[in-house]
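The form predicted alone is given below as one chain in structure tokens.
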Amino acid sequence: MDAAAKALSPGGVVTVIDAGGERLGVGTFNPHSLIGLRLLSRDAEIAIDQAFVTAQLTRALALRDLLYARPFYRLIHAEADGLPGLIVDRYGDVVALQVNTAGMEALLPLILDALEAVVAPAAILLKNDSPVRRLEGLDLYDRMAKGEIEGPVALEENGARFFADLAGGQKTGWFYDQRDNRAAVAAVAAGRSVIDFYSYAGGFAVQAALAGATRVVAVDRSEGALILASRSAEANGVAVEPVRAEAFAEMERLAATGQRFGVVVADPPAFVKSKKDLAAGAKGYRKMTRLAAGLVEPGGFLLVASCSHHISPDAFAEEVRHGLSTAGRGGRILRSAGAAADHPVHPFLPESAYLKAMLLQLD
């Protein structure tokens, strides 16, 4: 990087030109980031203005409206929706934004105006507290850009009603990415007991109960998350037993007492948050699978997941195999999946397919 490039303002719009002088497109540039350039368009003549941002949002909305009948989904998923570094989750007339790059921070006024024009939400929350912003030289903050949010926000998923704490919860409050995997677990839950580790606000647990599970236990170390799960269960007219505990400790306790379940779900926060954590985090998934598999009754089902993009699908699958082997369990993989369709993957960024989920039946 030459002196002229280093002098550019972080997040500014630049034209991309190769060594031969060919204009390759337009993007945002941050000389202080390990990912210096984020491409916005291959059209080197396009203006990155209000019309551009509005067009990106309009296209993304049309896709979501095609996929989902109700306005509860991820509206913008970064690069795949043409706005790298931007996350927009929609909860009816409330939207929550994560702005993770200097380029999107610079375009934020245009983004807010485009949201107003395309979606016209009653409230907009800027949930800009992710540590990844520091890699872009950005401050961390949360604030309302429009309206107010009082308490948890209601949402719908797969016909069930839930509540998300947008202000105080994890990320933007709800994990829409597991929508299809929750439906897959619900499909095998009828007539079986279910335990949902790392339950958070009860996504897997409540949907399993609605599908006819005989007993559902939700395990999480957060009292606030379990309160939301219980509230969601009540709103759907089902029963969920909340257990506040650390997942590994509770798995070991249940195994020691001989308890088994027809369905076991283990969907943890990222064990591998950076490349330096890969070895230890991979062993974490292995241990999780071993402990969770030991709680599955013969013929029952196990869902294990990883939301860390630092561990590849092949590496995650290997740790799952290792964990099953150590637990002395065999079976069959019924489903290997990623995130739901409102979390599309850019075809030239396969590493952005961060979510891995495996549903197995164990012998």
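Numbers follow the displayed sequence, beginning with 1. Quick caveat: nothing in here was measured; it's all calculated off a predicted structure.
In what follows, reference is made to the form predicted together with a small molecule, a form of this protein that is not presented.
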Q.
Taking 4.5 angstroms as the heavy atom distance cut-off, pick the stretch from 101-109, 280-288, 220-228, 130-138 that is near the small molecule in the predicted bound form.
A. 220-228
Q.
Taking the small molecule as it sits in the predicted bound form, is D142 near enough to touch it, meaning that at least one heavy atom pair lies within 4.5 angstroms?
A. no
(Q) If we define contact as a non-hydrogen atom of the residue within 4.5 angstroms of the partner, is D180 a contact of the small molecule in the predicted bound form? (A) no
Q) Should A247 be classed as touching the small molecule in the predicted bound form when contacts are defined as heavy atoms within 4.5 Å? A) yes
Q | 4.5 Å heavy atom contact, Y198 to the small molecule in the predicted bound form | A | yes
Q: Consider the chain as shown here, without its partner, and state which of Q259, Q170, T214, N158 has a heavy atom within 4.5 Å of the small molecule in the predicted bound form.
A: Q170
